[in-house]
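This document opens with one chain alone, in structure tokens, the form predicted on its own.
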């Protein structure tokens, strides 16, 4: 343990010196104001067209119901609309605005919408070349000549990576809240959010639905986002161990993440796709009652699938890293 801490500190400093985290922060600083401005324009338009949020929700329900009556709309889309109508009606019956314009509500929506693609890409900026990058530069040879076991070196990389994944999630929340609060105000922490919707087919069971304050919802949401992001990071580390080139590692993981996102949108009839890690990244959909992309998926199922992928990536990474001839 005495030797592990200096290794972790060394790996943390190496990631910091690459300035990848600065790039992540810069991307967030650029993109968040754009999305905030877009949301502000939408809110202004809704305020002009609807004097009361209830009228807006009722209009949205009517639009969805009109879509359901159309024969040109695919049945899969109608399923999502039926579920949305039932959930909106639940909020309307209890006189709770589902989209209150405030900073914390915007942050919740931004983080939820970013979990399948945006967060994985941010994580890949940090994790994709932890080993392959050192092979490219040749620093891995110097590191492995030290009297330290290889498994400790790889463990230190994982711990440092875990720190930066946590920083990405926390930093995105802080920046999103601070920037959007300039436009929407910093209220909304205690606003009620309904969770516990049980989606079965095109029907929503509201038996276990309960309201929780938005701050508690954000903590739960952040934990789920961290779990899915950490799974992506561990897979990226495995690819970095298996492949010798930095570019190959990054492209491979980007392709896997993007492929999973596409599958999630079109794999409703391919049941086996639910075992692919990318299809299970959006753990937050189970909190807000969104229907899973494939029937039979649930929060315990997705957590289990991601945990298995993460465990496999850890085992493969340690086995390969401790056995392969990296010095040549």
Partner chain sequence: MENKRTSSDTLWRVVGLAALLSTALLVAGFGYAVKDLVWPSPEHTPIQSPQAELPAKKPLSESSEIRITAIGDSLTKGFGDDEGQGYVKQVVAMLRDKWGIPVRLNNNLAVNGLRADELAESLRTNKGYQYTIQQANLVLFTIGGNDLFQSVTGEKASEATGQFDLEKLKAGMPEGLQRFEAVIEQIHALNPNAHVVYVGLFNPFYEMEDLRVGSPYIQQWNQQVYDILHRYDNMTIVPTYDLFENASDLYLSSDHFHPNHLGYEQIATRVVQSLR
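If you're wondering where the values come from, they're calculated on a predicted model, not measured in any experiment. Residue numbers count along the first chain shown, from 1.
Missing here is the form predicted together with the partner chain; even so, the following discussion is about that form.
With the partner omitted from this view, the residue of 50, 270, 37, 275 that lies near the partner chain in the model of the complex is 50 [heavy atom within 4.5 Å]. 162 is the sole member of 242, 254, 178, 162 with a non-hydrogen atom within 4.5 Å of the partner chain in the model of the complex. Contact check for residue 16: a heavy atom falls within 4.5 Å of the partner chain in the model of the complex. The closest heavy atom approach of residue 99 to the partner chain in the model of the complex falls outside 4.5 Å. When the partner chain is considered in the model of the complex, residue 203 lies well away from it, no heavy atom lying within 4.5 Å. A residue is said to contact a partner when one of its heavy atoms sits within 4.5 Å of a partner heavy atom; residue 226 meets this definition for the partner chain in the model of the complex. Between 179 to 187, 233 to 241, 119 to 127, 90 to 98, the stretch whose residues reach within 4.5 angstroms of the partner chain in the model of the complex through a non-hydrogen atom is 90 to 98. The candidate spot formed by 113, 302 and 318 is out of contact with the partner chain in the model of the complex: none of the three has a heavy atom within 4.5 Å.
Residues of 161 to 192 lying near the partner chain in the model of the complex, listed in sequence order, are 162, 163, 164, 166, 167, 169, 170, the criterion being any heavy atom within 4.5 Å.
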